[in-house]
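As a starting point, one isolated chain is supplied in structure tokens, in the form predicted alone.
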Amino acid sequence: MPNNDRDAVITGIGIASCLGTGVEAHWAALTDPAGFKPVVDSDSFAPAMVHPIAALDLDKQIPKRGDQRQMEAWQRIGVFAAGLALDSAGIKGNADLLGKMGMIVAAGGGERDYAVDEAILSGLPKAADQGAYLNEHLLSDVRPTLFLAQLSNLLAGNISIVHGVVGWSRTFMGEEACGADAVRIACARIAAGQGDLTLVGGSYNAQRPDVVLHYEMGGASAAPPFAGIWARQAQGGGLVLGSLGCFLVIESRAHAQARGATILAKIASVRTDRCRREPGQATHNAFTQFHAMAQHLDQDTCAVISGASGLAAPTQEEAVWLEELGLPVRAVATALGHCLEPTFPASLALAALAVRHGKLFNPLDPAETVMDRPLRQALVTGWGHWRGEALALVTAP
């Protein structure tokens, strides 16, 4: 595919997960000569497992302690990752660039009042009229100010306050699909000449009793012991959530070249869609997306970075589709956990790192094979655990 000035290119990556902080820590963990070693906490929320966030030196990216205190964990993770991305792109502290930089944040809500939740859940089974009980206690016990403090756009606000990104901003909600659409819209704006520089990403805190309970009650959590995404299917599948923050600096090629930025990778194409997940519908969407970008694909230098969640039905359907493609695959949720909103940006980040290094990282699961030939392209999948299908093609610059 020929390059042009309106190409959407990645010039900065900020990522923090269970594997560490920054791209170097992640690449080292993924390419360890001794093989990949998962980082899993099986005790704190037993029987559920989580991939815990690595220790963050918050002072390096959020220097004011007052700012740190007024944020909850999901916001601190996100603001920290955004700072890493700005550092990576050489934009940190550049008021001129930050003043025109746009921002698209993919995020859910924040923490809950665990004491109130516990009291309501304990009293609900004993209530004579459960509907009336819920209405009464939700109206009287839940603090409106707590809700206002958890709004997803507070992450964008805190990034603006701490890092000075003040060009424009959008905040998307909608689990995995919103992270994919955030990237798609950033790339579309660049292609249309509606912007040159965007910070895109999100954060997720999996180490919360409420989200662990949510997926446990829905029967969506993976049963111990821990297994990789593909091996887990023999145990019935399921999610192992991961705490993660990931932001990408995406800009036009012309803008990046004009400021002398290092281009890490190009987002050659990105497509999103959704369906009701009736049998075969997600596969149909995936094939439609694939055929739209297949002309740019080099089968000999391409691999798949899969965002498969581990939940049985969508993961097994994606596995069948991937087998038909016949490309080497890495399911990144084995390493990072499933991280909802920032899952797709994180998969893009690992794809860009692999393309930048010209090689695919270690297998993460016994079902994954070594890729000995050079890597110049990566297909990034993003099938949500419930809704949403996305596909992107990341190529060498």
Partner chain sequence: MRSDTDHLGRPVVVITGMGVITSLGQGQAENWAALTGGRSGIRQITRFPTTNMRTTIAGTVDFIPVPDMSAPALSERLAELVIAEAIAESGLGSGGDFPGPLFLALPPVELEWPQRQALALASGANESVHYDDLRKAARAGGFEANYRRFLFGSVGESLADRFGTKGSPIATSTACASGGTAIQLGVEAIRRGEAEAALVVGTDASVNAESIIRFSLLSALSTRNDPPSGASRPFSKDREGFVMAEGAGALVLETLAHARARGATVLGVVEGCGEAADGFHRTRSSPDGKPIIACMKHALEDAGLAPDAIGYINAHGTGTPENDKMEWVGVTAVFGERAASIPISSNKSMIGHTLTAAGAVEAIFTVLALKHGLLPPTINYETPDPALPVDCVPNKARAAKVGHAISNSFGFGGQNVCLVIGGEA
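We call the rigid core the largest set of C-alpha positions that still match within 1.5 Å between the two forms. Keep in mind that this is a model prediction, so the values were computed, not measured. Numbering follows the first chain given and starts at 1.
Here the subject shifts to the form predicted together with its partner chain, a form of this protein not shown in this document.
Between the options A313, A192, A223, A258, which residue brings a heavy atom to within 4.5 Å of its partner chain in the model of the complex?
When its partner chain is considered in the model of the complex, the option within 4.5 Å is A192.
Just give me the single entry in A319, I263, L213, A268 that has a non-hydrogen atom within 4.5 angstroms of its partner chain in the model of the complex.
By the 4.5 Å criterion, the partner-contacting residue is L213.
Would you check, heavy atoms only and a 4.5 Å threshold, whether P279 touches its partner chain in the model of the complex?
Contact check for P279: no, nothing within 4.5 Å of its partner chain in the model of the complex.
Any chance S88 has a heavy atom within 4.5 Å of its partner chain in the model of the complex?
Because no heavy atom of S88 falls inside 4.5 Å of its partner chain in the model of the complex, the answer is no.
Given that its partner chain is not shown alongside this chain, does R253 nevertheless sit within 4.5 Å of it in the model of the complex, heavy atom to heavy atom?
Result no; R253 lies far from its partner chain in the model of the complex.
Against its partner chain in the model of the complex, would R184 count as a contact residue? Criterion: heavy atoms within 4.5 Å.
The answer is yes: R184 has a heavy atom within 4.5 Å of its partner chain.
Hey, of 240 to 248, 80 to 88, 297 to 305, 214 to 222, which bit sits against its partner chain in the model of the complex at 4.5 Å between non-hydrogen atoms?
Heavy-atom contact with the partner occurs in 214 to 222.
Verify the C-alpha shift of A192 between this form and the one not shown: is it 2 Å or more after superposing the core?
No, its C-alpha moves less than 2 Å.
Can a Cα shift of no less than 2 Å be assigned to R274 between this form and the one not shown, given superposition on the rigid core?
False for R274: its C-alpha shift is below 2 Å.
Return yes or no for D96: a CA shift of at least 2 Å between this form and the one not shown, with the rigid core superposed?
No, shifts by less than 2 Å.
At a change of 3 Å or more, would you call the C-alpha separation of G66 and V116 in the model of the complex closer or farther than in the form supplied?
Distance between the C-alphas of G66 and V116: shorter in the model of the complex, by 3 Å or more.
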